[in-house]
Ligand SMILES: Cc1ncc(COP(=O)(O)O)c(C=O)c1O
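There is one chain below, alone, in structure tokens, taken in the form predicted alone.
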Amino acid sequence: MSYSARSRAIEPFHVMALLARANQLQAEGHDVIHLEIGEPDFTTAAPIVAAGQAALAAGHTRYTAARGLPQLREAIAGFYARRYRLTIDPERILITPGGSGALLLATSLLVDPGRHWLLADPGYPCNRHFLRLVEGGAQLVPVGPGERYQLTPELVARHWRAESVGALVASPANPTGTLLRRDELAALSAALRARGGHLLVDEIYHGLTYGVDAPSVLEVDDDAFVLNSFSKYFGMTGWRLGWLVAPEAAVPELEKLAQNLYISASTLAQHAALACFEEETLAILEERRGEFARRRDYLLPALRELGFGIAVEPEGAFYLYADIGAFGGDAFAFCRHFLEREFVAITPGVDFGRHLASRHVRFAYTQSLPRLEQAVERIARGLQSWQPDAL
């Protein structure tokens, strides 16, 4: 049977093979420590769950408008006013099925067949795959510690081509945890504007920053497109809910796309998300942010002491992107070794791009401090038995 070229071109998550093996080992009775999946270990906060239960009891089970519940869009606008001191018209906000739904809308609107977008390499893999889905292309720009793993105006100038039409950046970024500061966002916006390009910013990990607040690109560029999600800071991964902030002129086209692509986001999830912005909920989320900071502050020096190269301290998200060059060998084999020998699951760099991918791995500090301490003990032991050419 023949399938589409676009489907064949989209790569799987390579970590899923490791996850399947990890789950098999766990089913066999082994104690697997999961540091591979980017999902917080906390369950959804109780006030959000209660709001969802109340919505079900009240019979809120029908479709909403394609742009989402007006009261949720207003609540998000209020959140921008309190957190960023920005006045965002709720009419510019579209509620989507997860951050992925927001990315689907944005790429469908902005990407024509054969046109290219600049993306940092390493970066979140689905970004380039969504571009392929809409018949566009990802122009991967190698970045490293010198650029703090982010696109810069100089890189835009160097890599811009006739077919280039925009840049998609993430702040904080997956897998590196680095963020773009206000002046850097402004400079990047200016570089793209000078070339007639669009700027699309993934702000999904906003709220999960440590020692510094991440600015929104909307503070410096009101015409930028912003992706966000209730999954990470708000802890609603399985509820599949996100949002897109767009320029006012783009909203009618985006609403038309939403009507056709998914009708509307989950009604139950939208009603539950109204509780995200209550003081009681935000206090819980801030406690969790503090816990993630403690985890980072333990795991980062512990891995460096073992010999992992982490040149840039991550300021957000919940990941450490580590160079394994000191140990030799291929990242996928490295990850397989620690899973089979020490029952610690981590993600190979090949999932995040091509630039030096075979010598990098990602650790997600989405487990409790005692579990991270166990993981470090196992990794230290596993390094003693690691033989680069054995697998």
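All residue numbers refer to positions in the sequence shown, first residue = 1. Because the structure is predicted, anything quoted here is derived from the model rather than measured.
The form predicted in complex with the named molecule exists for this protein as well; it is not shown, and the discussion that follows is about that form.
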Review point. Which one, 181-189, 74-82, 202-210, 111-119, holds residues whose non-hydrogen atoms are within 4.5 Å of the named molecule in the model of the complex?
Key: 202-210
Review point. Might residue 107 be said to contact the named molecule in the model of the complex, defining contact as any heavy atom within 4.5 Å?
Key: no
Check your understanding: Contact between residue 231 and the named molecule in the model of the complex at 4.5 Å, heavy atoms?
Key -> yes
**Study point:** 4.5 angstroms heavy atom contact with the named molecule in the model of the complex for residue 99
**Key:** yes
Review point. Is there a heavy atom of residue 225 no more than 4.5 Å from a heavy atom of the named molecule in the model of the complex?
Key: no
Study note, to complete from the structure: Checking 174, 270, 216, 150 against the named molecule in the model of the complex, the residue with a non-hydrogen atom inside 4.5 angstroms turns out to be 174
Review point. The named molecule isn't shown here, but in the model of the complex which of 295, 240, 288, 198 has a heavy atom within 4.5 Å of it?
Key: 240
Point to revise | in the model of the complex: members of 328-350 within 4.5 Å of the named molecule, any heavy atom | key: none
